[in-house]
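Only one chain is included here, represented as structure tokens and corresponding to the form predicted on its own.
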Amino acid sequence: MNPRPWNLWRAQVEAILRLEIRKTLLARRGLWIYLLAFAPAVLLWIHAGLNLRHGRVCDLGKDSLIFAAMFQFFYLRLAIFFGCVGVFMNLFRGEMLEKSLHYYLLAPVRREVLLVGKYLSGVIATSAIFCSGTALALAALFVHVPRAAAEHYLFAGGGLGHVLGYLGTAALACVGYGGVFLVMSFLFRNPIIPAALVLVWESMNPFLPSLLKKISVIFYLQSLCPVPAPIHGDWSFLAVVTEPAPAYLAVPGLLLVTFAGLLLAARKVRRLEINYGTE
């Protein structure tokens, strides 16, 4: 096979990345995404500062369990979820509203290449934001405990693996939810409708049969979390207990769900027609 088209497509993807990453990270309409990503870190650092000021020492094990619950119920189910709604639903739809998408479509770039470039830019931007927020929140756990206890937890108690697990899961959440909401942007004009549909489906995951659980993003993300969060509440008895997927299956499973969404998005982008008057 002639390698020249691949080299051309790679160069085009890199050019799109340079344009789109800067646009996504500096967009004024995306400031609320930074608030979602860094609000928990700000609260945890305030908590750590008050403890240091008053000479209090917290239980690192207990704080780790609190962070595990916060990560799974706030970061994964709310912050990253809605952050991906805001970024990926606007990769094409936002350009239509701004009446600038035709510049891309008039350029000598395959639409599938444009799709890949925009998707990767969204993944890189959201991963950078939410992994940074996760890392800062984790750092706040260690500043108000004795150094010996922090080092023992990180290097002897498996804490370093937990840190890497949280960062990797946050990045994979951006990959998975990004693919879902990118394809949704071609199916719906109003982002509220797909966000509500996916949110309901993901929220129902604990109560779905084992087979249906695997047709969701949150199932694979929860399987990758270092510390599982228990289900509490009046309806917890309805939860279907399913063995979490091991990492060597959870990561390919998540990528497979994402790839299926991107294939559908590729079919949609080939048929994309612009009529700014109807947007």
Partner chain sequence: MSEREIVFENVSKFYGEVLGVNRVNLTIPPGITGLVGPNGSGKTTLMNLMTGLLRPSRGRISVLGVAPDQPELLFRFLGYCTQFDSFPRGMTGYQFVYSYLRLHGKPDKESAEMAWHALERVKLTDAAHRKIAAYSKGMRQRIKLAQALSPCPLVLVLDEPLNGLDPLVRAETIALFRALAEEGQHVIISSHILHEVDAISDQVILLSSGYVVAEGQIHGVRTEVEDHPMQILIRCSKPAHLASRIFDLDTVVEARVHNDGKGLLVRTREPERFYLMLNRLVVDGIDLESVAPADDDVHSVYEYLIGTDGGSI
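Positions refer to the first chain, counted from 1. Worth saying up front: this structure is predicted, and the values here are computed from it rather than measured.
This protein has a second form, the form predicted in complex with its partner chain, left out of what is shown; the following refers to that one.
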query: Partner contact for Lys99 in the predicted bound form: its partner chain, 4.5 angstroms, heavy atom; finding: yes
query: Distance check, Ala148 to its partner chain in the predicted bound form, heavy atom within 4.5 Å; finding: no
query: is_contact(Arg53, its partner chain) in the predicted bound form, heavy atom dist at most 4.5 Å; finding: no
query: Partner contact for Arg110 in the predicted bound form: its partner chain, 4.5 angstroms, heavy atom; finding: yes
query: The unique member of Ala245, Ala27, Ala68, Cys58 whose heavy atoms fall within 4.5 Å of its partner chain in the predicted bound form; finding: Ala27
query: Residue stretch of 116-124, 204-212, 102-110, 168-176 approaching its partner chain in the predicted bound form, non-hydrogen atom distance within 4.5 Å; finding: 102-110
